[in-house]
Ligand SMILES: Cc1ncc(COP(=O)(O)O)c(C=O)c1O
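Taking the form predicted on its own, here's one chain by itself in structure tokens.
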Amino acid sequence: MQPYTGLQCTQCHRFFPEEAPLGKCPECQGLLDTLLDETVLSYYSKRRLGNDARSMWKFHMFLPVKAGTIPVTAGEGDTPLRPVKSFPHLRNIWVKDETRNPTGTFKDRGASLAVTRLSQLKIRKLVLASEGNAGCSFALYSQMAGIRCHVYLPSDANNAKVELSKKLGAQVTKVKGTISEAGQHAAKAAEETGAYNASTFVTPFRHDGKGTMALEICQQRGWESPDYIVYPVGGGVGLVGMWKMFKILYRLGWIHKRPRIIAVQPTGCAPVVDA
């Protein structure tokens, strides 16, 4: 039995059993979150995880998919923890090396999960706004799943990311302005064409994939939570996903404490820090 039960709005708290491909809450436009039955989760054993596939999908029970799901995967996750030796006066500092993912970033985790779930929901075309990395990830996994992918990028997006997204089969449109304007174009395209909008905090199917970083860190440390997580934040999807998974692990008794999480953003764009 899979623990995933459906979606719940974080604002009006309405529950959706999620048989339709939802984005934001259809009642109040609030953000949706996936719900897991922790009673069912408690029947799983952390000791069995080492025998499963060497990817984030060893943690399928924590992800919003149906039982028996065949994931759309390119081997994302299971990335190493590397000791940091640059600060000799500080001990026991580790870096989670997400460059080992298929397209080189942690975005592959969210894209693998989202495309897997959207495939189950019979989505055949999707759009999203991206600074570049997420566009590459969704281009890869959409191509694997046979889903048409249209990526909207700000005009100053890295050309290498633009070209990789195109080579992976995505349609790419550069938009004058920032990621905000790209998001507006993606939303308009979704409304006009019926495509699914897989942009940050529009779809509820990305953050749990990125939350597998928290699960892996704890497993790699012998199910001992770190004291602190220092996390570079853009939109904050990974931040939310990791915090959620640390809370679940704590409630399940798999770890005995939750870490403090420090969000780091550039001074020119720091809404999470300011909030």
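Keep in mind that this is a model prediction, so the values were computed, not measured. Note that residue numbering follows the sequence shown and begins at 1.
The same protein has a further form, the form predicted together with the ligand, not shown here; the description that follows concerns it.
For residue 218, no non-hydrogen atom is located within 4.5 Å of the ligand in the predicted bound form, even though that partner is not displayed.
Contact between residue 232 and the ligand in the predicted bound form is found at the 4.5 Å heavy atom cutoff. None of the heavy atoms of residue 226 is located within 4.5 Å of the ligand in the predicted bound form. Remark: residue 60 does not count among the residues lining the ligand in the predicted bound form, judged by a heavy atom distance of 4.5 Å or less. Between the ligand and the residues 101, 116, 199, 133, the one pair within 4.5 Å by heavy atoms in the predicted bound form involves 133. This chain appears without its partner; in the predicted bound form, the one residue of 249, 32, 237, 65 with a heavy atom within 4.5 Å of the ligand is 237.
None of 139-147, 116-124, 101-109, 187-195 except one has non-hydrogen atoms within 4.5 angstroms of the ligand in the predicted bound form; the exception is 101-109.
Taking a 4.5 Å heavy atom cutoff to the ligand in the predicted bound form, the one contacting residue in 183-215 is 210.
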